[in-house]
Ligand SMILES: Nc1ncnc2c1ncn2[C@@H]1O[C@H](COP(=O)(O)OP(=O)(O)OP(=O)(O)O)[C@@H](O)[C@H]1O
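Before any questions on binding or motion, here is one chain by itself as structure tokens, the form predicted alone.
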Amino acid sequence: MSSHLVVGIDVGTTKVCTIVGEVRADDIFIVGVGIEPSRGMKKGIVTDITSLSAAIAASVHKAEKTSGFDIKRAFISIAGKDVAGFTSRGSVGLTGNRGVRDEDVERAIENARTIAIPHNKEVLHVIPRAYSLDGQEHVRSPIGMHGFRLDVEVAIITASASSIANLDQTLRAALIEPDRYILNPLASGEAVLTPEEREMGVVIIDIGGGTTDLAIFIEGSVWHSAVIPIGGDLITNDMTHWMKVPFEVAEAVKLQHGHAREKAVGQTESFMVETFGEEGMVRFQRSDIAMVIEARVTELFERVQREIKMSGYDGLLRAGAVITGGCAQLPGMRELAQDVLGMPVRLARPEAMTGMADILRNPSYSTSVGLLRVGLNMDPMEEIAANGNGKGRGLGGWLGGIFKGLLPDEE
């Protein structure tokens, strides 16, 4: 059974997580992990290159120490409020009495992506949704089929060019060459969605510290993606204003006493916290904290619901929603999501891992683990995407760079 080593770095608002893994047919064998608190990023946007590069370097160093490999390149997660997606179509004429070849599919996809992109945007992903051959629609894989005209419909996902440039500079300051930038919910979906969910229609909702990233999968492919600038940190900020406490104290209260549904909390439950400008401790009712949290989380899922309806695919999500990410673990979150979205909801965490995997079996690390699978499974026939200079790179180029960067440390 063939296997390869792949590196993924999830650069988030609250943490930087570097994972080195050997991706196999049935699982991922984790050989190195490095987790460091994030500094210098807010809502998926770099705000301090020096601080963030130091956090990335520290995370990478920890992964190097645990894995025994020198890390130079990696697949990188990306989010941010400027991420946007739209649909395009491309076609190509077929000549000769032969079946469709790989190069025909490549040309059709390239034609689909040859459209005007704003100068301040950069293409992250070009993902085929469906093919048609001589008008015959719903063709999954046209390779080998005969016809005269091949059409493809693709989802094009873009991000802010300046945001990518700043993240690029930050990574290089940490001595890391980015092999590819991968949208957060695409990575998370690879880690936690089942093939049946992807086929039937599902929305994955990755609730992080700075943003909530979502992607809609239908018929096995991505049909829509979006980033909502609300995450766990905004919930904590609400609590700091209401409780008059530092952010770190509010975060600890959220993790220890927080609940997303006020009615699920007993009216007599309380706890003591030291606040600003007060001598001694102040008592808070847990139900009051739940009220503050529920208001913000309800707003979040209402925003998600609007985004789903705007996509036009709300009637196609037969598998409902899957929530993941660090904030998704908050008690009552799944039930509230189910109430607001009006569909079945499950809480997911990455599985199918061995090696140093115990710490990663948590919704907080869905994107981190998913980066490894996306990185290896990415097929140039399934996606032709752009790198920093706007030119497409094939799978061999991406993986070749990673293998060269993974060299054992010298004794």
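Quick caveat: nothing in here was measured; it's all calculated off a predicted structure. Heads up: residue numbers just count along the shown sequence, starting at 1.
There is another form of the same protein, the form predicted in complex with this ligand; it is not shown, and what comes next is about it.
Gln329, Ser163, Gln305, Ser132 - the one with a heavy atom within 4.5 Å of this ligand in the predicted complex: None of the others qualify; the residue that does is Gln329.
Any non-hydrogen atom of Ile207 within 4.5 angstroms of this ligand in the predicted complex: Ile207: yes, in contact with this ligand in the predicted complex.
is_contact(Ser364, this ligand) in the predicted complex, heavy atom dist at most 4.5 Å: Yes, Ser364 lies within 4.5 Å of this ligand in the predicted complex.
Non-hydrogen atom contact Ser225 with this ligand in the predicted complex at 4.5 angstroms: Result no; Ser225 lies far from this ligand in the predicted complex.
Distance check, Lys254 to this ligand in the predicted complex, heavy atom within 4.5 Å: Yes, contact at 4.5 Å.
Among 225-233, 137-145, 296-304, 108-116, the region lying within 4.5 Å of this ligand in the predicted complex by heavy atom distance: Among the candidates, contact is made by 225-233.
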